[in-house]
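Before any questions on how it binds or moves, here is one chain, the form predicted alone, in structure tokens.
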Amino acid sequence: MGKLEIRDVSYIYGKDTPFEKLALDRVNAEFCDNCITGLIGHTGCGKSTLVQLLNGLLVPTQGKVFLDGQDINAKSVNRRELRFRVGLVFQYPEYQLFEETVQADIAFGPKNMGLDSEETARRVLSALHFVGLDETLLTVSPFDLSGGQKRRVAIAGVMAMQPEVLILDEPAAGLDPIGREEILGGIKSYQRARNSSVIIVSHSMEDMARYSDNIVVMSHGTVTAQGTCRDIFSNHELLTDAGLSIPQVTAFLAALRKNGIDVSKDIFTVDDAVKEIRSYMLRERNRA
């Protein structure tokens, strides 16, 4: 399991002070279990606030957050156990590393869960595999690693707790294309292997189209749409109104259509675009 739902949630920073600011306004959304959901929206729309509500770091000013039908802010809920069930990786998590070795940093969460040394070691190796790091780095200080490697260690530390829901706030921010693909590909492999729920916050429409199953769109503190990648990325007006762009490959195929080339407009990834263009070329060859 691992289905999160928010109902009529609002959040106000600095409530009843001169600095009061409404960050979320009566938000309703569902994050399906056993899939990857992309959370997209313009800067300042409330994405980071929303994900902090999902594991109880923030409490709604009004409304409720549910995990598998249970209000996570009910008095009967153990907050410590909740954060083992809903793991949150903040943006630039590499700045939160603190242990002497990579192994100790990744093992910190499982140890705090009360797991024995054998199970902890197994989870450390599994998480290390998903983020694409070699076992030879286990004895190395995390502070001697590159920026991208540090980020992978930080993500692995949350993966090692095997939460029912894994939330990542801009996990590929600032990385080069290869680094982005390695980290996001590892997250997808983790999700498929664990059948867990994953929520990824991102500004990259290309990344979300490639790695997400479903999309939640935010704009100005509200959720304006949610659905499959096809539902969302085929609605250009919706994305424009939310201050977002369509994936570049979708724009490219739209330009081809304007120039009389009969290709589908509902293409969102490079792999699908290659297949579509090859299919078009084959059709044209058969007509010749």
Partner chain sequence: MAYFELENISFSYDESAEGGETKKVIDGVSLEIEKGSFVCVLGHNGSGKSTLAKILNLVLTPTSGRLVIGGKEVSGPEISEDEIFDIRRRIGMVFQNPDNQLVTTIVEEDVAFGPENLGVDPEEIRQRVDSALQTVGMSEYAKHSTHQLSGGQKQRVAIAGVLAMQPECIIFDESTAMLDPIGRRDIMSTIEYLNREREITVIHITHNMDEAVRADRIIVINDGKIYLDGTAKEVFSSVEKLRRVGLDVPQVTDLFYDLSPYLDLPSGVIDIEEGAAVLADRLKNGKA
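Numbering follows the first chain given and starts at 1. Keep in mind that what you see is a predicted model, and the values were worked out from it rather than measured. Think of the rigid core as the biggest set of C-alphas that the two forms share within 1.5 Å after superposition.
Here the subject shifts to the form predicted in complex with the partner chain, a form of this protein not shown in this document.
Highlighted residues 249, 261 and 277: every one comes within 4.5 Å of the partner chain in the model of the complex, counting any heavy atom.
Proximity to the partner chain in the model of the complex, taken as heavy atoms within 4.5 Å, picks out 240 to 248 from the listed stretches 225 to 233, 59 to 67, 31 to 39, 240 to 248. Here is the short version: of 145, 175, 121, 138, the single residue with a heavy atom within 4.5 Å of the partner chain in the model of the complex is 175. For the options 206, 164, 182, 213, the one in contact with the partner chain in the model of the complex, meaning a heavy atom within 4.5 Å, is 206. The partner chain is not shown here, but in the model of the complex it comes within 4.5 Å of a heavy atom of residue 273.
Once the cores line up, the CA of residue 262 ends up 2 angstroms or more apart between this form and the one not shown.
Core-superposed comparison between this form and the one not shown: CA of residue 277 displaced by 2 Å or more.
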